[in-house]
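What follows is one chain in structure tokens, specifically the form predicted alone.
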């Protein structure tokens, strides 16, 4: 566990209706920009999830930023509309308690002014000050919590969470809290194995990427979590871009114009991490979503230049798979003003 971090001031903001979500300049700069060079192709791109750079989303094992309270409010709205966004198969109960322990420990250690955890044997006391929660419960006894352990704690943590059960040399998606996903469905994928739920991804299977990724994940040890980045693009700062709600967000993909692209089109970044859980031996897979508008990117010259080059050189199959075809050209045209052809420095961080 790293040193403690100071919390930002939590901002109001909405991810639906009037879309009042907005990043502060500090939040833009700490985002995990997903491109370390001027082009993109699928890769395993795993690394150990530790030694995070100070002042970035990598600094703490479980990141909390200025959007925490607003994002948790949006999660509650999604669950009210569709309780099946959180599911856990019966044999995953212990993995739920593992997840609860991990997230409570990480938050209390990283942000002690906001979260605290006291333990006396199996009698635990959890305080979440930003959400006004003060809960005493018996670890291992789900009747002492208002929800099952997995749902209880993931209602209090940014990003989606999937729990992967290891058996027969594969990983199976057997539990999840999924309300901020990029066009995939927990209800459809639950019970599938690693290759089945990745089946729609183009180009990667032929390159053997998922075979290598599974081998890496099966070797993840308890003390050494791993991470990788993924990305797509989203019209409006909408967290819930699920297939179930496609009728709400799908038509928005045709609404991008040269006049609104700067503020209406967002780079959607996923910081994915992988944690071996101690009692269940399952792997917890947090998928944390960060949203940066094209205007946000333009405040970091290297990022605007690189985004322009990535979109220009993106293979057509990936553009179609990621749903970018309706607005990719408009984004390339707008970003071109920030690209004078000069070389960019290596790595993803701002100069």
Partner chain sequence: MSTIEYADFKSRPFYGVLKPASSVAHLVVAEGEGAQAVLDLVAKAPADFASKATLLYAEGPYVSDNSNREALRALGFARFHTSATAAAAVPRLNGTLERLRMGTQVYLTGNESALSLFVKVCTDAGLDYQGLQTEHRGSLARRMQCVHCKGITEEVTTQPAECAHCGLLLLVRDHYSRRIGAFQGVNINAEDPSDVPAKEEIFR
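Because the structure is predicted, anything quoted here is derived from the model rather than measured. Positions refer to the first chain, counted from 1.
We do not show the form predicted together with its partner chain, though everything after this point is about it.
In short, of 121-129, 85-93, 134-142, 154-162 it is 85-93 that has heavy atoms within 4.5 Å of its partner chain in the model of the complex. In the model of the complex, at least one heavy atom of residue 250 sits within 4.5 Å of a heavy atom of its partner chain. The shortest heavy atom separation between residue 199 and its partner chain in the model of the complex is within 4.5 Å.
Mapping the unseen interface onto this chain, residue 192 counts among the residues with a heavy atom inside 4.5 Å of its partner chain in the model of the complex. With a 4.5 Å cutoff on heavy atoms, residue 254 counts as touching its partner chain in the model of the complex.
Interface residue among 243, 146, 208, 258, judged by heavy atoms within 4.5 Å of its partner chain in the model of the complex: 243.
Interface residue among 326, 299, 313, 319, judged by heavy atoms within 4.5 Å of its partner chain in the model of the complex: 326. Contact residues in stretch 122-152 (any heavy atom within 4.5 Å of its partner chain, taken in the model of the complex) are absent; none meets the cut-off.
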